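Quick setup: one chain, the form predicted on its own, written in structure tokens, and binding and motion questions come after.
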């Protein structure tokens, strides 16, 4: 992997040059909310480290879309959302979340919609500084070594640029005059100081390494009932979680022709009361405690057992979002505390 440096004054022009590789996407303010969306002007990009409310998964696992049209004779898949794209400003935890989603959606048989969006999108990562609720140092996702085409570390007057793919190399060649292979000892020291400064900025942490065993040992704990009494089953935690990937499918028939229609795919949540409802009616997780247990054991234990690394990437969005303070941090603290929380 090559590491180059670039003077900060060239950043805007370089980002503009990426349009030849696809439509630009990145974090921008839209209706007073920071969101990943189409970028018309690179000056609108927010690259200072603040993270979006809805994670980058929305660009690869869309919140709502039509998967196909169908009639009595068959169906026609809808791939109209595929386009060449360049995603600018992905943080390390964002990139880690996509690597987790790859495990789910690209395992044979691959999801054709996720696969098409993923293959048509270049990833331009950017360094960030911890927010109030960042937990990525605990989860080991504060740095990233793969999953990007280019990755920029902001050292104020210069960027150190990791080249992670042949496509990233092609991007560099388009503005080769902006980049320098001579990374000096002074540049390296500046990078080390930046890493130390960033590490000192983390305000919160939790015992992530031991959580799989703790989740296993605590499966029947009364603590789940304590949190169940607080939980609103609103599903906010799942919607903002970068690795949650559940969805539901609904057939919508045309009003004028009941033999034709479309199949719509929409995000779903295991925290919703009817998520596990089946014919009968039977509900395998009608209790909130069971739904909470499912979600947190999946994030902190089960996903790791299946794919080799837990699903939580430490972004802190669940800490930011839950209105009743149920999140990976409070769950971890409750199960590692010497006392059972009082009801």
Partner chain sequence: MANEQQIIKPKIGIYGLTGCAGDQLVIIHTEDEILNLFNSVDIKSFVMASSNPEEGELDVAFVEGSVSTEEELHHLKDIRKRAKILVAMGNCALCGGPQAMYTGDGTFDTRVKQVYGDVDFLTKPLEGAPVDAYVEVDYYVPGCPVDAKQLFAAIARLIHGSSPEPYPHPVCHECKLNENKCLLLDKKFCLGPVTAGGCNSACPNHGLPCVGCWGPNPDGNFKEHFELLQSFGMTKEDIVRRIRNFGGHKILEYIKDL
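Positions refer to the first chain, counted from 1. Small disclaimer: the values here were computed from a predicted structure and weren't measured.
This protein has a second form, the form predicted in complex with its partner chain, left out of what is shown; the following refers to that one.
Chemist: Name the stretch: of 212-220, 225-233, 141-149, 102-110, exactly one has residues whose heavy atoms fall within 4.5 Å of its partner chain in the predicted bound form.
Modeler: Partner-contacting stretch among the options: 225-233.
Chemist: Could you tell me if residue 291 has a non-hydrogen atom within 4.5 Å of its partner chain in the predicted bound form?
Modeler: Taking the distances in the predicted bound form, the answer for residue 291 is yes, it comes within 4.5 Å of its partner chain.
Chemist: Any chance residue 330 has a heavy atom within 4.5 Å of its partner chain in the predicted bound form?
Modeler: Outside the cut-off, so no.
Chemist: Whether residue 75 contacts its partner chain in the predicted bound form should be assessed with a 4.5 Å heavy atom distance threshold; does it?
Modeler: Residue-level check for residue 75: no, no contact with its partner chain.
Chemist: May I ask you to state whether residue 193 is within 4.5 Å of its partner chain in the predicted bound form, using heavy atom distances?
Modeler: Outside the cut-off, so no.
Chemist: Would you confirm whether the three residues 23, 48 and 201 all fall within 4.5 Å of its partner chain in the predicted bound form, going by non-hydrogen atoms?
Modeler: Spot residues vs its partner chain: no contact at all.
Chemist: Between the options 81, 266, 188, 197, which residue brings a heavy atom to within 4.5 Å of its partner chain in the predicted bound form?
Modeler: After the contact test, the surviving option is 266.
Chemist: Please tell me which of 153, 171, 240, 86 lies within 4.5 Å of its partner chain in the predicted bound form, judged by heavy atoms.
Modeler: That would be 240.
Chemist: Though the partner is not shown here, which residues of 238-261 have a heavy atom within 4.5 Å of its partner chain in the predicted bound form?
Modeler: If the 4.5 Å heavy-atom criterion is applied to its partner chain in the predicted bound form, 238-261 yields 239, 240, 250, 251, 252, 253, 254, 255, 256, 257, 258.
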